[in-house]
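Below sits a lone chain in structure tokens, taken as the form predicted on its own.
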Amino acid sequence: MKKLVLYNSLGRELQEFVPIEENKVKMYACGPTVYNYAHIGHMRCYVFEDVLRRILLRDGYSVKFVMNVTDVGHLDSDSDTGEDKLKKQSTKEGKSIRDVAMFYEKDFFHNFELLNILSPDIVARASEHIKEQIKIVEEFIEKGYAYKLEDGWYFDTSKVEGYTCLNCVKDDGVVQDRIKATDKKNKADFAVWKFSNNGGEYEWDTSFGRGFPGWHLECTAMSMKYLGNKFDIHMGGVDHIPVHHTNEIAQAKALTGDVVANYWLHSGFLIIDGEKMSKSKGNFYRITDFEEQGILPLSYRYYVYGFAYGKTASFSIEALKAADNALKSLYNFETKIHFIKDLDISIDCDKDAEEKLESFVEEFDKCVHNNLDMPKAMEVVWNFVKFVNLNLLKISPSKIIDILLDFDKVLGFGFSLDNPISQEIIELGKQRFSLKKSQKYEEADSIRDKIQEKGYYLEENKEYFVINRYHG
């Protein structure tokens, strides 16, 4: 396997990735809390996770990828106060919790389709894994890791050595300050089970009280159920570090004595007008918001490749439009190569030029394996395009297509083995090209108009023609 280097938040350094089992990778990602629409800040994280998964698959690993869906237990505040977000939205919309959850889950995965994100191998809903969560709480109580307060059972963080190993803060740091309650043993203690006797949806009877699980509990229960007590990679947003992932690690240590995953990877914030994009502030865009402006959904995928995944990125519509133009140019380049191949244009192969193509593949590999350096990987892609355009009739178009498809195993732009232009449109182009050669310009222009009426654009010279999907 190729050497892959990743920034591991657990060690706070770049580390070579070494899987637990040879040729196999087990990955877990924190999925959505399905009480509202997912915004593009969330999607930045899922694109980065998809890129990593694609790199591993391209390298030949067998990958098992699990993602949770939080449909119970996520309260308004990380301090274990407030109302369950699903219950709150259920009241607001006048729907059942399940209906609310399924509606927003469906919308969430529609974004995956729009962005060409590979579907998880397992989608694990919190409400469908209550039995596993109850069992863990029972074990916490039996081992003395959990204690009872008026509103529920809390995890005693003082009993876990190295509680802040992921967050790396002192006792008076950020993690502890998030909790204001004075009746907890420690400020950082968190709920693993909240009491409720309202008789409503998504409440369960247990030997230790009726209620619902804490948010952090679900990921521990489901990741360990499907991936075992120790797996390779755990992923999420940088905002998960100080609370959610820190508490997941604490729970796993209480159960097994070890950190549950070897590598912890985190995506940076997406900010707009100087503020983090968030549902609570209402300052967010959805992927579907851009379609009315003629922006391709996949252009957002291109856009996030302009930033190192772990760094904060600033969003603007202008920058997204630039990404949209760039992606459309790539698609036009793709169709050009297909036309040269399909039209059987004479190619005078240049051995040196074809060998040069391999250097682009090598450079691309170096970039994506160096902590998923997508900004530099895209530079390589454009250098490849520039080189091909300068040597267009000296290189086998099949070889160019093969490299594009290889790049796309990581990029996820949807390049195709076959010409993406329909045969009907291609035949119209051939008719026009033939008519022009016969100097029947009026008839040729009539064909051109038909092509343009169908939403396509012609690029022509004496040697060949191309029908593009996008104006450029």
Ligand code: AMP
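Just so it is clear, the structure is predicted and the values come from calculations on it, not from any experiment. The numbering used is simple: start at 1 and walk along the sequence shown.
What follows is about the form predicted in complex with adenosine monophosphate, which we do not show.
Although the partner is absent from the chain shown here, P32, G41 and L270 each have a heavy atom within 4.5 Å of adenosine monophosphate in the predicted complex. Remark: of stretches 436-444, 45-53, 58-66, 411-419, the one touching adenosine monophosphate in the predicted complex is 45-53 (heavy atom within 4.5 Å). Here is the short version: of D289, D107, D239, E128, the single residue with a heavy atom within 4.5 Å of adenosine monophosphate in the predicted complex is D239. K276 is the sole member of K276, K95, K376, K148 with a non-hydrogen atom within 4.5 Å of adenosine monophosphate in the predicted complex. Contact check for H74: a non-hydrogen atom falls within 4.5 Å of adenosine monophosphate in the predicted complex.
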